[in-house]
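Taking the form predicted alone, here's one chain by itself in C-alpha cells.
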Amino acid sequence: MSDIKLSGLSLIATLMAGTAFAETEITYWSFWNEPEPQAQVLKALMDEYSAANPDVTFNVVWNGRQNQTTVRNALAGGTSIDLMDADMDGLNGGLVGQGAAIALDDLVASDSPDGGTVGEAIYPALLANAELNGSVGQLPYAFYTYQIFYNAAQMRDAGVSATPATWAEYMDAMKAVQASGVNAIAVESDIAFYNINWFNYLLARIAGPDFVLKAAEDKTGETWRDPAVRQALELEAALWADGLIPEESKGYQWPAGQQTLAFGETATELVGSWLPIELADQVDEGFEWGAMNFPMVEGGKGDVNDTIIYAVSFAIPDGAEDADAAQDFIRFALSKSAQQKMADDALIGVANASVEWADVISDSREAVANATSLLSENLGLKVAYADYSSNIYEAMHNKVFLGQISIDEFVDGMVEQTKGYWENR
C-alpha cells in the first residue's frame, strides 16, 4: 500500500476491500467508560468499519474497568459476546489463561491492510507479552508505560542536563532539584499499585526481572530474605530520609500527589503515561513533559531499557457467534490509520509500531522502541497469582514504603505470608 493519504470513506474502503459478511451484529463489551476519549475513538472506528461494511453493526456495552469480571459472569449465564477488551495481564490470568478465549494466531499471521501481516505491525516485545503457552489469545491495541515523568523546565533550572542512567546519577539529579527549591518526587500514599513500581523496578534492576516471580513461587518464602530485597528497600527508604519525597506525602490521597506537579511544587513522579493526559487541563500552557527510564542500579543484573507497561487488548470469547467479523474488526483497529486516530485523539500509546505518539508522551514511545523487554505489571505476579499480587505483595510493600512497618518486618511478613499462601492454596 502506498503512502498516499486517503480520506473519509475512500480510506476505509481501501482498508476493507474484499471483506464481506452477511448481516451481522458484533456484540462488544468494553473495558472503557463511554465518555472516555478511548471509547470515543473506538465508537468512531466502529462507525467507519460499518460504513465500509454496511451489513455489520455493533452492539456495545461500556462496562469500564471491571469488564472482564462482568463478561465472565455474563458468559456463565449464557450471554453471547463476540468481542471484549481488558488489561493484558488480567486477560492472561483470566479468560485467556483459562482457555475461555479463542486463539488468534491465524489473525496474527493474516494480511494487514497496510501490507505485511497483522503481527509484524505490532511492537515485537508487546506481541511477545500477549503470547501465553505458545499461542496468542489476545491482541493489544493500546498501552501505557510506567516511567519517571518530569517537568523538563524544572529539571533544566536545577542544572540537570543529562538523563540519569544510574541510581547514583538519579539521586544526584533529585538532590539538585531539591536544592533548586522544588520538591523532587511526588507519590500518592493510597495508590499501592503506583508505589509498588519503585520496588518492581529496583528489584528488576538489582536481581533481574524474574526475581519477583521466583520469590513468590518459593513455597518456603525464604527467597524474600535475599539481599536484593533489603537493598531495594534501603534505596527506597533513602528517598524519604533525604527528603526527596516530602514527609507530608504520607498523607496524600490521589490525586493530591500528581497535582503538586501541576502546581509547579514537584518536579517528578513515577507513574503511568496517562499522567500528562490527566493533568492536561491543570498545567500551564507550554508545560514541557519529559519521561525517563528507571535508572540502573550499579552492579545489578537487570537492563536499564526494560520498561514496565500496562496494556489493553482485544479478545474473543470462546463460542462467539460472530468471531470472524470480530477478528476482521480487530485487523482494522490495528491498522496504521486506526491506530493513529487512537494515538492522536486519545493521547495513548498504541501497538502499531509505525504510528507516532502525542508529543507529551513522545519519550514513552522512544522507550518502547528501544526496550529490551516490555515487562508485565508486578513482573509476572498479576498474571500468575493475582490475589497474591494485590493482597500480599502490593499491600505489604505499601506499608514498608510509607514507613508503617520496618524492613525486617516486611521481610519476615513476606516469608510468612508466602508460606501461608501456598499452604492454603
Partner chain sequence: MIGKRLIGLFVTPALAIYLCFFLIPTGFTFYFSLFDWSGFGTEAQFIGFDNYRRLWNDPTFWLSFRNTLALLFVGGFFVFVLAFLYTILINSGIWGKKLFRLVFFLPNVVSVVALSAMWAYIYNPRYGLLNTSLKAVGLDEMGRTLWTSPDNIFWAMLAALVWVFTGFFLILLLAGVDKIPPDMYEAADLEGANLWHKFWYITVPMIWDVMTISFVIWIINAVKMFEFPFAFGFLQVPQQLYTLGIYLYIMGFGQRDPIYQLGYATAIGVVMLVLAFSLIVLVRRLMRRDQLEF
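Predicted model, so just to flag it, every value in this text is computed and none were measured. Positions refer to the first chain, counted from 1.
Beyond the structure shown, there is the form predicted in complex with the partner chain, which is absent from this document and is the topic of what follows.
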Quick one: is residue 68 in contact with the partner chain in the predicted complex, heavy atoms, 4.5 Å cut-off?
yes
Taking any heavy atom pair closer than or equal to 4.5 Å as contact, tell me whether residue 287 reaches the partner chain in the predicted complex.
no
Is there a heavy atom of residue 82 lying 4.5 Å or less from a heavy atom of the partner chain in the predicted complex?
no
Residue-level contact is defined here as any heavy atom of the residue lying within 4.5 Å of the partner chain in the predicted complex; does residue 363 satisfy this criterion?
no
72, 301, 175, 341: which sits within 4.5 Å of the partner chain in the predicted complex by any heavy atom?
72
The one residue among 386, 46, 61, 52 placing a heavy atom within 4.5 Å of the partner chain in the predicted complex is 386
Does the trio 104, 198 and 351 actually contact the partner chain in the predicted complex, every residue with a heavy atom within 4.5 Å?
no
Looking at 154-162, 251-259, 203-211, 343-351, which one sits within 4.5 Å of the partner chain in the predicted complex if you count heavy atoms only?
251-259
In sequence order, the residues of 178-202 that place a heavy atom within 4.5 Å of the partner chain in the predicted complex are 189, 190, 191, 192, 193, 194
